[in-house]
Every structure is written in structure tokens, then in C-alpha cells.
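The chain below stands alone and is given in C-alpha cells; this is the form predicted on its own.
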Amino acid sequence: MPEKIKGRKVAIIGCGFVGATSAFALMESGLFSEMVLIDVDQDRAEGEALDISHGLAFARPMDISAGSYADLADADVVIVTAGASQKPGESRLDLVSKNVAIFEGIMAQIKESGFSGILLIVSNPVDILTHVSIQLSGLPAQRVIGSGTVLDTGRLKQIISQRLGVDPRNVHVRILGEHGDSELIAWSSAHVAGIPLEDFFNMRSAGSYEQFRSEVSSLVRNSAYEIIDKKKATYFGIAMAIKRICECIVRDEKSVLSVSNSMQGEYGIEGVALSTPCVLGSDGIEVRMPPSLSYKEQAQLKASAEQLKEVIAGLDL
């Protein structure tokens, strides 16, 4: 078993909108004492490091610098946001060929650096790239985590909370499967502070619960496309999701998040990474928790896995 991480040093590979916003969120969090930014555009990495470091007088002490893959040797967490971004009208799976080629180079350099911490994959399509990273990085599967549907689940909780007038932190529901068009909402186990969601809906709203579910599903599924259409990219929400995942790891919280992970036969699914609830701590994924799903939801999860496996089958790894 690799040594537990100490949680002092984080590196971010890719200094585009997502990487830079995540770096800023992590600087404000105080989770780490050292952060290294890496990008093919060295000037961009240096500029972001300088800009973010100028806020340290208003935060907590931290060493922020631009660096290289050699700096990963003693990093505790490496976050990969590099790659081509999703364009208007483009699905996450459309990015496969471009970003798999980029990741082959990135993973070779990570492996060469001697990095042995926890690898967090954020670039899209995140499930495919998490699978690729497990195959190429040389790291144990539990130490390679995809951001998966953590953000999707956050969006879902926020939309439900707005519709029903309740704190989103009291809404307990998860999005599973692909971080993309085949994802599914586990409605059968959804609740608000222990009250089944349908019962809470009837307490707080009039109308059809089925229509409510349909409307919420559509809003969540299309939210990223809407943001990309309006402002060309999404980055604030995912930066907060990355910070939350890092909190679980660095603080050894044992919290449950729906991250992308390598399935090991749950529901008959294997050979693919997708999002299911996992206990996260300083060892990475400590426990996979197959959720209680209806028969329909199980079928949806398997269908999501099959879609991802078809894409993986076409990769030359």
C-alpha cells in the first residue's frame, strides 16, 4: 500500500479557464501549502501563478509557482485539466480523439516523474480519460479519480432547492453513470433530510411530480450546454467541485461523492470508469458503494456503461 498523502503540495496540469479557476479556488481554500502550475504555454502558467499569488496577502501563506513535470515527484495531488475544450454544439464524447492523444503524452510524463500521490482527472470526456489514465499512469486504480458527476449532482441539488425552497445541502440525490448525455438521476433514493423527495414535493409544491422530475432532468442535462452557449466555457462550478474533492482527500474526510471510478463488477459492469458513490479519503477511493437503484435505473446505468465501453473499444491504447 502506498504511503498516505500528507496533503501539502498540489499540482495543476493545464492553465486554461478550468485550471486557473481551480487554482484560485484552492488558493482560497487553504488546503495546501504549495501549488505548482504546469502548461504547454509556460508564459500562461507563469502569468496565472503571479496573478493568483498576488492575492495571498488576503488569504493564507502558500508557495505558488509555475513549474514542470519534474515538480510532480513529491506532489500529493495532481489535477489534470489540460486538453481541448468543449465547443458549442459539441458533446463531451466528441472530444475523445483529441484529448486521448493529449493524455497519452501527459500520462507518460507523470509516470516518468515518479509521482505516487492521487491523480484527479477533470478534462472531458472525463470518464474515458479516467479509464485511459488508469491504464497509462501506473498508479493503483483507487488513486486515479475522475471528477465525474460531482458537479452534475451539485447542479441537480441546487435546481431542486430553488424549485422547492429548501437548503441544497439538505437535498440528497445523486447523478450516476457518464458525465454526459447518458447520465441518470437516482430518483428512487432521493430525499430531503430523510423525507422521500416525492413526499417533500407534495408538501412544498402543487402539480405533477413526474412533470417536476422531467423539467429538472432537462435543466440539469442541458445546463452545461446553456452555459457554453452563453459564455463559451464552464469553470466556476467545476472549480468548486474540484475543491470539494480535494477537501475529502487532504482532510481524510471519508465523505461520499459520486466520482468517476473503475467499476469492478458492480451491477455486472467492469472495464469502464463511470460515476457511482465512493468514500473518499487520503488513500483516494476507499470504498465503492453500489447505490440502491430501481430496475429501470440499473438498466440506465448499464446502458451508460455500454455507451462508454463502445468508445473505449475504439481506442488504440
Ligand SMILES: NC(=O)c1ccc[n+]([C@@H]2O[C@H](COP(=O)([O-])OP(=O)(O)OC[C@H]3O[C@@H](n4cnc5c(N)ncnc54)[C@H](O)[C@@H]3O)[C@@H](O)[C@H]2O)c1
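The numbering used is simple: start at 1 and walk along the sequence shown. Treat the numbers as computed from the prediction; the structure is a model and nothing was measured.
One more form of this protein exists, namely the form predicted together with this ligand; it is left out here, but the text below deals with it.
Although this ligand is omitted here, in the predicted complex all of 40, 122 and 147 have a heavy atom within 4.5 Å of it. Interface membership of residue 32, defined by any non-hydrogen atom within 4.5 Å of this ligand in the predicted complex, is ruled out. When contacts are judged by a 4.5 Å heavy atom cut-off, residue 102 counts as touching this ligand in the predicted complex. The closest heavy atom approach of residue 83 to this ligand in the predicted complex falls within 4.5 Å. This ligand in the predicted complex is approached by residue 95, whose closest heavy atom lies within 4.5 angstroms of it. Look at 110-118, 147-155, 70-78, 187-195: in the predicted complex, residues with non-hydrogen atoms within 4.5 angstroms of this ligand sit in 147-155. Contact with this ligand in the predicted complex, judged by any heavy atom within 4.5 Å, is made by just one of 308, 301, 13, 10: 13. A single residue from the set 219, 233, 164, 240 has any heavy atom within 4.5 angstroms of this ligand in the predicted complex; that residue is 233.
Contacts with this ligand in the predicted complex, taken as any heavy atom within 4.5 Å, map within 168-182 to 179 alone.
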